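Only one chain is included here, represented as structure tokens and corresponding to the form predicted alone.
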């Protein structure tokens, strides 16, 4: 799917932040400090699309996904779903909203109740959200959903520990599908699985998306998986989005220096390829003490004076969004697109 500017977003995320306070503030001269796990992330998710969020471990992508469901409470910003700010609604309203927004976790074993049978796991959302009027109807619907994810009636009375990792993830997908969601947050859904099983689960999710038309926010550190699964991709670094582009554009010509380095790390499969690996110097800065200006500037081979003083905004450039001083905005008069001084 290719999104268009005329489509109305299903979900709008604006300046989303999550800061975790550090108790031992004496480490920083007695001043109060916090870990800025997510620091001003903005993006849209459109109906029927798959938006990938990629980056190194610790960049804040999983924290972002959990805030979309308020499994973590945001420090600031907005998560607007169908005109309502999820961050501001009551716990009761949020509970009912989870019918439309579901999540598939990274660890399929830890995310399933070990004391519940598979039938009960899938029936639970059907009854809680009143999708089925009776237990008998819920059982029949659970059987149909499990068949859709490749599990049969003979699996319904078993417990999670009786299944393989791939089968457990199918159960997690079945549970997410049961509430008939419009958006699924997939947080590293195949990283714990064998490579052969990964392909099966990815193809399953893609076929179910085509059948039901829901959207995905697909969180992963595996660039090959994201390339196979997603329509648009957002690249995160140290709690910020540095580039958001259509898949074909990003993989053909990444613009941000970090995105260039990240994509250069994909193993070469074409014999005789002259593609060079970009090796970054130094370590990722601490999110408790991020650098001034652009968060990538200490490791960026193209950094100049503005990069150490001014935080680049995520601006529109050549049909994508990029946060880098190397690229001026397509519309330099847009006030919200101008660099913001630290």
Partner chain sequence: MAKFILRRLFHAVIVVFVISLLIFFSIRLTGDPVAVMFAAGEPSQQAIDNLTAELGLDQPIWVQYGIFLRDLITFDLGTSFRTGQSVSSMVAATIGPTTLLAAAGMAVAILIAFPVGIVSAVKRGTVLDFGGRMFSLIGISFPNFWLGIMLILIFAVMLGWFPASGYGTPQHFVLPAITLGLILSGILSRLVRSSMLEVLNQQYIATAHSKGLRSWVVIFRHGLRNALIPTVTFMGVQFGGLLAGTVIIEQVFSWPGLGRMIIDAINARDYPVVQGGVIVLALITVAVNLLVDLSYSILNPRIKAGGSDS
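Residue numbers count along the first chain shown, from 1. Since this is a predicted model, take the numbers as computed values, not measurements.
Just so you know, the form predicted in complex with its partner chain exists too; it's not on screen, but the next bit is about it.
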Each of 18, 21 and 42 within 4.5 Å of its partner chain in the model of the complex, by any heavy atom, yes or no? no
Identify, from the list 261, 131, 156, 71, the residue with a heavy atom within 4.5 Å of its partner chain in the model of the complex. 71
Single option in 121, 149, 183, 255 placed near its partner chain in the model of the complex, where near means a heavy atom within 4.5 Å: 121
Although the partner isn't part of this model, could you tell me whether residue 105 comes within 4.5 Å of its partner chain in the model of the complex, counting any heavy atom of the residue? yes
Contact of residue 86 with its partner chain in the model of the complex (heavy atom, 4.5 Å): no
I'd like to know if residue 192 sits close to its partner chain in the model of the complex, meaning any non-hydrogen atom pair within 4.5 angstroms. no
Classify residue 112 as contacting or not contacting its partner chain in the model of the complex by the rule of any non-hydrogen atom within 4.5 angstroms, answering yes or no. yes
Hey, of 223-231, 141-149, 123-131, 208-216, which bit sits against its partner chain in the model of the complex at 4.5 Å between non-hydrogen atoms? 123-131
Residues in 150-181 with any heavy atom within 4.5 Å of its partner chain in the model of the complex: 159, 161, 175
